[in-house]
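Okay, here we've got a single chain as structure tokens, the form predicted on its own, with questions on binding and movement later.
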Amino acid sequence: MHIGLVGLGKMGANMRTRLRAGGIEVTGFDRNPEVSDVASIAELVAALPAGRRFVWVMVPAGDVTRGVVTELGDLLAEGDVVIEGGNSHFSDDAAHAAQLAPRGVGYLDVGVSGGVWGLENGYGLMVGGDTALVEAAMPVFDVLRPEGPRDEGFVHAGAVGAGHYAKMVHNGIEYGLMQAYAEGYELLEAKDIVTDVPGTLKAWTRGTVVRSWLLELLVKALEEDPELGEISDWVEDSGEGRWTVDEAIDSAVPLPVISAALFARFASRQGASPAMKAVAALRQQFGGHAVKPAGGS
């Protein structure tokens, strides 16, 4: 199988590597010519073999994604498929599908989780779209997802938009989990009776009910920088947390934990906070997100 991949940033480049290692031929395009296989999206489409062509879009959500989808709509033909794997708002997916439909181009939206560790561990995939298109793209999904049972790392969540909606909720939950670990870390640090905070957290990583990969990443961050002195406590919110809270309001679903975690990130921009340093460290560990150095502005 041979697919196109638009966007070769931190995740896109690793996905290309994982796909190639799994036997999927990939032609990638990025605005950075040093990592791109071709000089333009038009060249990428031309490089794909005849028949049903798949192009995976992995670029920043919003106008950049809309521009790429529009360009692909002018280049692809009936039977081809666009797979949108960025962190787009789920409402954009219906518009993209409707835009491509008159040309007979199919559309799938995919929520992708795994961050910079996905190359080694595989990516959790949440897909929205037509069942026949999902089945046609399954060889690609099977290479990208983690090893093991398919249903433990992949779901066809529903119609167009369902994949990004599921990823939005996933990221909202992530906000809450990260905040809980960070607050626990700060409380342990605040009491002098506990003299080995990193060791205490590490002791929770096996056998306890709070063990998780996020906890392991917090321990890793503390082992690399025990005081988190190299990291500012300023924490960005990437959009999905806000969207999750917006959806909760629209659906009258109470989300006190996720809402509080979102607001805590806003508080991080107002003063020093050990908990926010821990959240910043976690984001760097699992996603490779940039962090501000301690003392930076």
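Heads up, when I say rigid core I mean the largest set of C-alphas that superpose within 1.5 Å between the two forms. All residue numbers are counted from 1 along the displayed sequence. On a predicted model such as this, the values are computed, not experimentally measured, just so you know.
Only in words, not in the display: the form predicted in complex with a further copy of the same chain, which the text now covers.
Engineer: In the predicted complex, which of 221 to 229, 133 to 141, 100 to 108, 72 to 80 comes within 4.5 Å of a further copy of the same chain (heavy atoms)?
Structural biologist: Among the candidates, contact is made by 221 to 229.
Engineer: Could you spot which one of I41, A264, A61, L48 gets a heavy atom to within 4.5 Å of a further copy of the same chain in the predicted complex?
Structural biologist: The residue from I41, A264, A61, L48 that makes the contact is A264.
Engineer: Given a further copy of the same chain in the predicted complex, answer whether the residues G153, A203 and T244 all have a heavy atom inside 4.5 Å of it.
Structural biologist: Every residue of the candidate spot has a heavy atom within 4.5 Å of a further copy of the same chain in the predicted complex.
Engineer: Taking a further copy of the same chain as it sits in the predicted complex, is G85 near enough to touch it, meaning that at least one heavy atom pair lies within 4.5 angstroms?
Structural biologist: Because no heavy atom of G85 falls inside 4.5 Å of a further copy of the same chain in the predicted complex, the answer is no.
Engineer: With the cut-off set at 4.5 Å between non-hydrogen atoms, does M15 touch a further copy of the same chain in the predicted complex?
Structural biologist: It does not: once a further copy of the same chain is placed as it appears in the predicted complex, M15 has no heavy atom within 4.5 Å of it.
Engineer: So, V210 and a further copy of the same chain: in the predicted complex, are they within 4.5 Å at any heavy atom pair?
Structural biologist: So V210 counts as contacting a further copy of the same chain.
Engineer: So in the predicted complex, does any heavy atom of V35 sit within 4.5 Å of a further copy of the same chain?
Structural biologist: Because no heavy atom of V35 falls inside 4.5 Å of a further copy of the same chain in the predicted complex, the answer is no.
Engineer: Using a 4.5 Å cut-off on heavy atoms, what residues in 138 to 168 are near a further copy of the same chain in the predicted complex?
Structural biologist: Contacting residues: P146, E147, G148, P149, D151, E152, G153, F154, V155, H156, A157, G158, A159, V160, G161, A162, Y165, A166.
Engineer: Using the rigid core as the reference frame, would you say M15 shifts its C-alpha by 2 Å or more between this form and the one not shown?
Structural biologist: Where the cores coincide, M15 shows only a C-alpha shift between this form and the one not shown that is less than 2 Å.
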